[in-house]
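Next up: just one chain, as structure tokens, the form predicted on its own.
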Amino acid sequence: MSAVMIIRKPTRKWEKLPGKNTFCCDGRVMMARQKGVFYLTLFLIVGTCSLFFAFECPYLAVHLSPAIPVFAVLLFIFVMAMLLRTSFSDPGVLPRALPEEANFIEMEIEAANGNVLAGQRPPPRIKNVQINNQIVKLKYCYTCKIFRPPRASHCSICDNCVDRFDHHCPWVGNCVGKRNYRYFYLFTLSLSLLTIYIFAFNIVHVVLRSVDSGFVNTLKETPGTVLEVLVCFFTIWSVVGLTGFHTYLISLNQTTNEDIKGSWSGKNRVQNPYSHKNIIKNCCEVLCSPTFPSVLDRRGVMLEDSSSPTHSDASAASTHKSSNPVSQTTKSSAPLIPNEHTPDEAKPGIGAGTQKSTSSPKGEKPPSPTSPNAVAPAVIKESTH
């Protein structure tokens, strides 16, 4: 009888991660579930650049310089790389507490707060830490069951706590946090340059053609250029404005979440403990500091529960039982070590042990009372009935 081996595919940790995220490429790609606006971003960038490469670049390369389309291609590649890097990476999601860890934290909180009377509101779950001689409050997340690190916040869209949470950006289809903020900023900066670049050379293209054919005829001959000008005109204000806003935040070493909440505003009389009071140092810390590794271990293999017997263990146990029929029928009528819950009739008495030990064959000396195995014969004979 041939044995059939069933190979199970290992379960990766990303398959069991809580939260509202989607994973692709065996956990290598991590995004939010709402990706409709992200697809719109891809369509606008790829579509506008395709029109520019198809209509304007051939004309500009001949009449002005061949470097114009080359620089546009390089800028387009950089924009797409930064967009995909921001969208497909872990923004800094913090793992949720295990049940044992959550129970331990609950016990600590109850011990610190004491007994709360019925009808009274429990005190807020907050821990105070000192950072650069400044008191910073760590808030408790009731969803993740952890005290969030400084500057972390819970994203309601992705349902995760994100370290150094900046904001959730639907245009990139992901949260923007500690691990992908620099790529998000480089994306907005390069996209602003690309939009200005395409818009400027669209105007140049129309002007050069209008010298020979007239302005109205040029617009009729190049409908793609007109569409590009309209898209760039309505896009350039938001993209450039967003880049300027984040440049301002980087110079202060501040996040969008902190700016909206007014965490370090003057009205609270609290200074930003993360700022170096120097624009260059703040920019270097945000944009040039080492990239921190992900703490999720998305592609790690989940360990099976050791308490549940496997198929091989069950078969081995059945084989062992069938080969030892005597051991299956042997059953002890009295416990080896009596306790207070053992009935009196089931307890092996001293007299019984002495009586049974005297019936041993001749030549065998009964065990002395001081021997540690004095009760052993009584126990053995009780178990063979």
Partner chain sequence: MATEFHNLQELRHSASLATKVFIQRDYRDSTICKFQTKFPAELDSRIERSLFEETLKTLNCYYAEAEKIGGQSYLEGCLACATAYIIFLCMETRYEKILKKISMYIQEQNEKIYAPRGLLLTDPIERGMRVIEISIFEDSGSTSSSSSGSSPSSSTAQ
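Residue numbers count along the first chain shown, from 1. Since we're looking at a predicted model, the values are computed, not measured.
The discussion below concerns the form predicted in complex with the partner chain, not included here.
This chain lacks the partner; the member of His154, His168, His246, Arg182 within 4.5 angstroms of the partner chain in the predicted bound form by a non-hydrogen atom is Arg182. Of the residues given (Phe292, Phe71, Phe233, Phe215), Phe292 alone sits with a heavy atom within 4.5 Å of the partner chain in the predicted bound form.
Across the proposed site, Ala54, His63 and Trp237 without exception lack any heavy atom within 4.5 Å of the partner chain in the predicted bound form.
In summary, the region of this chain contacting the partner chain in the predicted bound form, judged by heavy atoms within 4.5 Å and restricted to 93-101, 225-233, 238-246, 194-202, corresponds to 93-101. Using a 4.5 angstroms limit between non-hydrogen atoms, Val172 is distant from the partner chain in the predicted bound form.
The shortest heavy atom separation between Val129 and the partner chain in the predicted bound form is within 4.5 Å. Although the partner is absent here, Pro150 is a contact residue: one of its heavy atoms lies within 4.5 angstroms of the partner chain in the predicted bound form. Although the partner is absent here, Val176 is not a contact residue: none of its heavy atoms lies within 4.5 angstroms of the partner chain in the predicted bound form. Residues Phe78, Ala81, Met82, Arg85 of 65-85 are found to place at least one heavy atom within 4.5 Å of the partner chain in the predicted bound form.
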